[in-house]
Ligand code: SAJ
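Below you'll find only one chain, the form predicted alone, shown as structure tokens.
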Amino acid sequence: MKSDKKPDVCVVGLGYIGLPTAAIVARSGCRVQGVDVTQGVVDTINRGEIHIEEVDLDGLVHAVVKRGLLSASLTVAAADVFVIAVPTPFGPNHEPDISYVLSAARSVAPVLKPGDVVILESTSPVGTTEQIRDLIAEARPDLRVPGLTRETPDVSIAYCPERVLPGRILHELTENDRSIGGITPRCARKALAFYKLFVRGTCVATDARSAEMTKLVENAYRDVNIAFANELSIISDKMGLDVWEVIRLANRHPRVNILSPGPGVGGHCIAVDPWFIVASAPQESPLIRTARGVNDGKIHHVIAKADALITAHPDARVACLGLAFKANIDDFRESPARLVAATLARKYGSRISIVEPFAAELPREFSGTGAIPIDLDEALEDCDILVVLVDHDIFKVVPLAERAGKIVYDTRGIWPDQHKAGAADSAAEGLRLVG
């Protein structure tokens, strides 16, 4: 990295993490080139516009593009720091797929020069950063690569995962602590110097494998805790208990903090990352594997409950409230709400309507089902059954009077007053079903 000026930076992958990262780095005064495989994404960013929804991202991207600090391209060009932020999905048997990561590394290798820093940010199985090192060493035998030479290496290679919350990405990219793992301690120091240009949180240097595992552990921890809440909700349902009341009372204990249950677990992190640990140590991870099974099983529990409710009211119109994997975002990746709604739409067709204020149109799996998108007002006026799948703020503020006479299946616990209104008669209109 040059010492006399801020580094030129190349961010490979301009999705939910890559684009905000590129914009934040550009705001710090670095000249940033973003690289993506989709021409439409490249064209959109070069106009100073965005292709994803994130709070305040549109204004930031417009500003840094206008200042000439951020541009986008289909091809990688020379830079001082390369940040790889591409997807890492899993395959049909939950095996991690790092092909996008390795492809990105191959695109970077030809333009590397002595002094450059390569940083992987994509959530990856333990050992992926070392695979990048080996790939670069094979592609560029003219470069001394860290960990494979006894001399001072020509390039530095490190791993630094993000830990951000959708809807707060710009804030958390700068304020959250970062774990920066280098192939060698020197690599970690080089990468740390880069992050200190725009991160106000504490940057902690470690080795690459520990940093990779840390990211996986953070999301597996959350998955296990959510699984407890989801399993508790199923048990409470069987016993005829209000799980929200049970959790509220239990959390009064000074050392208990049970999370809120829902229709499952979604998003590209919590629903995916635990499988990377299981794949690496299948015999040693029964708890993590079980938690994944519980959370995936909760989706099917919700489908079965909603199906029984709709079947019992054959003339009722149904509104599924929400498709996103969490509140107040437009991200549908691995969303349990999306799976529940699509399953019901395939079975019940035009009886199903979808309310998703963060989507202009329904995802492709709803094509041909007869299900239609409607707004919340129409759902409250015309639908008999409300299936709450996402706790968007706009849903939370609907007063009880507007839900009067509705049959409600509330998987998020956003309407406790509905439950109290129907508690006297479990068959009464106004019933809140706890899932």
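Every value quoted in this text rests on a predicted model; they were computed, and no experiment measured them. The numbering used is simple: start at 1 and walk along the sequence shown.
Another form, the form predicted together with this ligand, is not on view; read the next lines as being about it.
Engineer: If we define contact as a non-hydrogen atom of the residue within 4.5 angstroms of the partner, is D273 a contact of this ligand in the predicted complex?
Structural biologist: Because a heavy atom of D273 falls inside 4.5 Å of this ligand in the predicted complex, the answer is yes.
Engineer: Within 4.5 Å, heavy atoms only: does F325 come near this ligand in the predicted complex?
Structural biologist: Looking in the predicted complex, residue contacts with this ligand include F325, since a heavy atom lies within 4.5 Å.
Engineer: Consider S156 of the chain shown here, and say whether it contacts this ligand in the predicted complex, taking contact as heavy atoms within 4.5 Å.
Structural biologist: So S156 does not count as contacting this ligand.
Engineer: Contact between I226 and this ligand in the predicted complex at 4.5 Å, heavy atoms?
Structural biologist: I226 belongs to the contact set for this ligand.
Engineer: Please state whether every one of the three residues P7, L120 and K190 places a non-hydrogen atom within 4.5 angstroms of this ligand in the predicted complex.
Structural biologist: No, none of the three is in contact.
Engineer: Looking at 192-200, 164-172, 232-240, 350-358, which lies within 4.5 angstroms of this ligand in the predicted complex, counting heavy atoms?
Structural biologist: Within 4.5 Å of the partner lies stretch 164-172.
Engineer: Just give me the single entry in L259, A281, A304, L287 that has a non-hydrogen atom within 4.5 angstroms of this ligand in the predicted complex.
Structural biologist: The option sitting close enough to the partner is L259.
Engineer: Can you work out which of I299, A211, A291, C269 has a heavy atom no more than 4.5 Å from this ligand in the predicted complex?
Structural biologist: Among I299, A211, A291, C269, a heavy atom within 4.5 Å of this ligand in the predicted complex occurs only for C269.
Engineer: For 203-242: residues with a non-hydrogen atom within 4.5 angstroms of this ligand in the predicted complex?
Structural biologist: Residues within 4.5 Å: K215, E218, N219, R222, I226.
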